[in-house]
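Just one chain follows, in the form predicted on its own, and it is written as structure tokens.
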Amino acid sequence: MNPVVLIFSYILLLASIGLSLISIEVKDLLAAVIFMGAASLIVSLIFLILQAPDVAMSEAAIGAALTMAIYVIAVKKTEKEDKDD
């Protein structure tokens, strides 16, 4: 593998780990979901760099988009119930 691509992969990996840690530490649930989706999108880029485009597309579609949408809906419904109480 090209050393430049390898270094770029490591940078993406560190960014993904950083975003995951931020999503754990942040108090706002919606922000945590957004950080989690961004980390998943970066992981899909890593899969693309590692010559696995089918896995990258699956990760982007399911990990970043579908899971994030489900979590956003869950957070929004939870906030409504909290305001009603």
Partner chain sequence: MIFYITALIIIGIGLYALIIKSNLIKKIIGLDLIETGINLLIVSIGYIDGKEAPIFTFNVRNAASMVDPVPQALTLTSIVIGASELALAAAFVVLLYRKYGTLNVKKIRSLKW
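All values reported here derive from a predicted model rather than from experimental measurement. Residue numbers count along the first chain shown, from 1.
Keep in mind the form predicted in complex with its partner chain is missing from the figure; the text below concerns it.
task = Examine Leu21 and determine whether its closest non-hydrogen atom to its partner chain in the predicted complex is within 4.5 angstroms.
result = Leu21 belongs to the contact set for its partner chain.
query = Closest heavy atom of Ile7 to its partner chain in the predicted complex, within 4.5 Å or not?
reply = Because no heavy atom of Ile7 falls inside 4.5 Å of its partner chain in the predicted complex, the answer is no.
key: Contact label in the predicted complex: Ala65 to its partner chain, heavy atom within 4.5 Å   = Because no heavy atom of Ala65 falls inside 4.5 Å of its partner chain in the predicted complex, the answer is no.
ask   = Is the gap between Ala32 and its partner chain in the predicted complex 4.5 Å or less for some heavy atom pair?
value = Heavy-atom contact with its partner chain at 4.5 Å: present for Ala32.
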